[in-house]
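A lone chain, given as structure tokens: the form predicted on its own.
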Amino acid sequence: MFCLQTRHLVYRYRHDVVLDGIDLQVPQRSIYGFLGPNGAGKTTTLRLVLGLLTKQQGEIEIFGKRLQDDRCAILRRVGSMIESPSFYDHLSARENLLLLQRILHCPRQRIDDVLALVGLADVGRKRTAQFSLGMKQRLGIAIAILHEPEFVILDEPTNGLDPGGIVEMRELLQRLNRERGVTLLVSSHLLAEVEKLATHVGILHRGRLRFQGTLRELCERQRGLQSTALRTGDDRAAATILMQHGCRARSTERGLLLPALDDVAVAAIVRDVVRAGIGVHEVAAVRGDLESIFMGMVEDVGVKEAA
């Protein structure tokens, strides 16, 4: 059963189509990583799901019920943090949660529980205006889970966190999912982090869902799609030579990343690069990780749509 399901969700802003027939399927008790470049339509989708934007076309079901039929009752079972979390800057973390606890009528003990969960138990009476960006993200998570929701929607939850904080946030979300059965929909641009966190993935690009399924299914689908890494003394000049061979290279930390090539093609490229006086330091086959798969999908779509 799906915790969230949308059918042919369409949204237009003036004359631009922001979402073009989105059919999301978020299984219960899953961690669904929602990926896409800036401007792909991720935040618009999340706002529609939460009723923060007026639906124009399509259907939205949460817990098997249409959002439009009983929005308030459904959203009582949902927690969320969209873009920057909102709270009163002149109050402490505890005071912010106390106000919300009174509105939501949940046990006061939940305040101590969630502050400990997100690592803010020891901030005392420090005003949230003095919080770092990472601390504000943690408080936003605490607000989202205060009423013990069954389904939590988070937009870039690791924004502003240092590497240690990102690991702690990942572990927190995994505990919520594993120990408390919370379904999570997490929008993020940190592909490596999503790969460690998510059970399911949706890839959105130019308003269309390009892939949806388990992380394992995505990797299986792309198993044969390896890349070739080429590290040289002058990657910019080498990229020009690669273009002459019909190879479009992407610059990465490892050097130039090319599509998978056979031995003959690799030998020809290395020969021409060396003849141009450019040193070749490394040539290696690279297994497709989530970042490579994602970039390959996005770039392939861009080339096809431009053709």
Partner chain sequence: MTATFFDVLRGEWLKQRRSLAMWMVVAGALFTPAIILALRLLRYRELPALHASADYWTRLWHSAWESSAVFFLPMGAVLATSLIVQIEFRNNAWKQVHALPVSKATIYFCKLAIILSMLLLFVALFSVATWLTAAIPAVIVPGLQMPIAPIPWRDFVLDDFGYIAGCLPIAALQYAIALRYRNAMVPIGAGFLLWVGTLGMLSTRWASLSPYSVTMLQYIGEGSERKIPAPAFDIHATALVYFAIFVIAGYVLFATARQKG
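Positions refer to the first chain, counted from 1. Only a predicted model underlies this, so the values are computations on that prediction, with no experimental measurement involved.
Just so it is clear, the following notes concern the form predicted in complex with the partner chain, a form of the same protein that is not shown.
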Just checking whether residue 88 would be counted as a contact of the partner chain in the predicted complex - the rule being heavy atoms within 4.5 angstroms.
yes
Residue 47 versus the partner chain, in the predicted complex: is there a non-hydrogen atom within 4.5 Å?
yes
Is residue 161 one of the residues lying within 4.5 Å of the partner chain in the predicted complex, judged by heavy atom distances?
no
Give a yes/no on whether residue 38 approaches the partner chain to within 4.5 Å in the predicted complex, heavy atoms considered.
no
Check, residue by residue, if 52, 105 and 143 all come within 4.5 Å of the partner chain in the predicted complex, counting heavy atoms only.
yes
At 4.5 Å between heavy atoms, only one of the stretches 79-87, 202-210, 186-194, 162-170 reaches the partner chain in the predicted complex; which one is it?
79-87
Please identify the residue among 217, 234, 150, 95 with any heavy atom within 4.5 Å of the partner chain in the predicted complex.
95
May I ask you to list the residues of 1-38 that have any heavy atom within 4.5 angstroms of the partner chain in the predicted complex, in sequence order?
11, 12
